[in-house]
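Encoded as structure tokens, the following chain is the form predicted alone, with no partner shown.
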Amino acid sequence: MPERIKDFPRASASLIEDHPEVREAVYRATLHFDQNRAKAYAEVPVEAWRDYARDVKAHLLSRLADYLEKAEARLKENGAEVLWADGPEDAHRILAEIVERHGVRRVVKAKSMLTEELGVNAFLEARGLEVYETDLGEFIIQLAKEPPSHIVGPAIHKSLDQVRRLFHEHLGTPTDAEPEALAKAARAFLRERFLTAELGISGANFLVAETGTIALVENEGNIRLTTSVPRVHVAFVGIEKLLPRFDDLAVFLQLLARAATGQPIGTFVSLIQGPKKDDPDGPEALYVVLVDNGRTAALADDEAWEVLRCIRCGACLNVCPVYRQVGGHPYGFVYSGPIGEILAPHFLGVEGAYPLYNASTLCGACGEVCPVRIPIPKLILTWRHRAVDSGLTAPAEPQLIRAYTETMRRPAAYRLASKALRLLPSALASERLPVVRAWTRYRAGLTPSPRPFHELWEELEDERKNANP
């Protein structure tokens, strides 16, 4: 994975040059998501809700050990078996034991970024099991043998024609099938898998410590089938996904839906209390695997712990000007966009995640839309500072920044430098200066103002004084 991350600059440039259709599809989808979010935010007292969500998550994280113990006790009272995984190896071992204990050969999965993080599909397939993603977007990228490119919309980078070709190859649908027909074909294919799978795997949007309730949000109904039809259900839950009280769900469920897709609330919200008892439907066994995988270490990081407030809505991806241009795959990490830039270092270290946290304009849009008020730009800068301290930046960069700083501190030096830059031909700037050359590769050339701003300002000040003697 670190090797793919280090390839981000080349992979991004290659995608922009060779696959403009991806850029168009991603831009269109994220713009649609963000416009819907803006409308949905405007319908409610969203600033108060965001403050509430921030404070609840901050409180939860400040007493995480206590709430984890409480959640474990409630889950056990509800009939679930609770297991703990420090990382992927533990998760794989636990899953292997469950598979063997219950004679599992076929698995259906709900959409879960945590299982992507843990490499669950590859592990199960290597053991000879059939594994089927049941979210339509996840199903599409599974057929394409690709990772998700977006936290909420894993296949937003795919065009309709690409999906048509995939379904024609794997499901035998016509090459000109309409979207409704494609969805119907996927439904027919997956329905038989739901009915014959022994194991259903899900994540969890939230886990309520007070009641031991797993909350799952979706728009397709596939999660309900995944968690109720197979005789065994395994839920992988990141330890930061807890909420203290059941009442907290009222705000978090609405904030998640509004931030992610602009809906007032998800079409289906499932609240799972345990395996079936006297019910006609539901799993015979429920296993809840509480996963750390670097989260405890992140919580101990006094400068960067706030990333753990994330509820995986994807809103920051939808407004990010960098993500909109390249999509998720060039990042080379499970989580892309701004949230991936500040999550990756916790998993991989400051060097392993370099240069992802440089893939930002620091425009601040991600922080403005985050439903739990994670200060994403500040955290990006935190990791950039650590990269500098670790010697990861170009050797000449510190000297250039110091020279720039000294120039900006001295009016005479600043005026001399600005005059020199205005005299520099734009063609020479494009070919010789690295920063300008990179800028003009994909954008219009830079045209300096004929006169510097400070001269124009002084003239305006003189005019104002003359007009008001």
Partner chain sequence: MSVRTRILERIRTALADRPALQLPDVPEPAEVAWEEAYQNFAQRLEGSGAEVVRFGSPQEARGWLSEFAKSFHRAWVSPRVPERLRPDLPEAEPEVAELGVSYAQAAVAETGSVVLASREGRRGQLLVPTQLVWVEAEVLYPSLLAALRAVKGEGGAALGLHSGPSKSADIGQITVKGVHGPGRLVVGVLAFARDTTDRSSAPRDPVQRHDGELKAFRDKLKKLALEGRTLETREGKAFSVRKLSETGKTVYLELGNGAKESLPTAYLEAAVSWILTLHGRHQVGPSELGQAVASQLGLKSSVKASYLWGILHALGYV
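Numbering follows the first chain given and starts at 1. Everything quoted here is computed from the prediction, not taken from an experiment.
Beyond what is shown, the protein has a form predicted together with its partner chain; the following relates to that form.
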Item checked: Options 176 to 184, 199 to 207, 357 to 365, 393 to 401; stretch whose heavy atom lies within 4.5 Å of its partner chain in the model of the complex -> 176 to 184
Next item on the list: Using heavy atoms only and a 4.5 Å cut-off, determine which of T382, N121, Q254, Q142 is in contact with its partner chain in the model of the complex.
Entry: Q254
Next item on the list: Name the residue from R410, R441, R422, R63 that puts a heavy atom within 4.5 Å of its partner chain in the model of the complex.
Entry: R63
Note to self: My question is simply whether R373 lines the interface with its partner chain in the model of the complex - judged by any non-hydrogen atom within 4.5 Å.
What the structure shows: no
Margin query: Is A259 part of the interface with its partner chain in the model of the complex - any heavy atom within 4.5 Å?
Written below: no
Note to self: Taking its partner chain as it sits in the model of the complex, is E146 near enough to touch it, meaning that at least one heavy atom pair lies within 4.5 angstroms?
What the structure shows: no
Next item on the list: Evaluate W49 for contact with its partner chain in the model of the complex, applying a 4.5 angstroms cut-off between non-hydrogen atoms, and reply yes or no.
Entry: yes
Next item on the list: Any residue of 376 to 414 with a heavy atom within 4.5 Å of its partner chain in the model of the complex counts; write them all down in order.
Entry: none
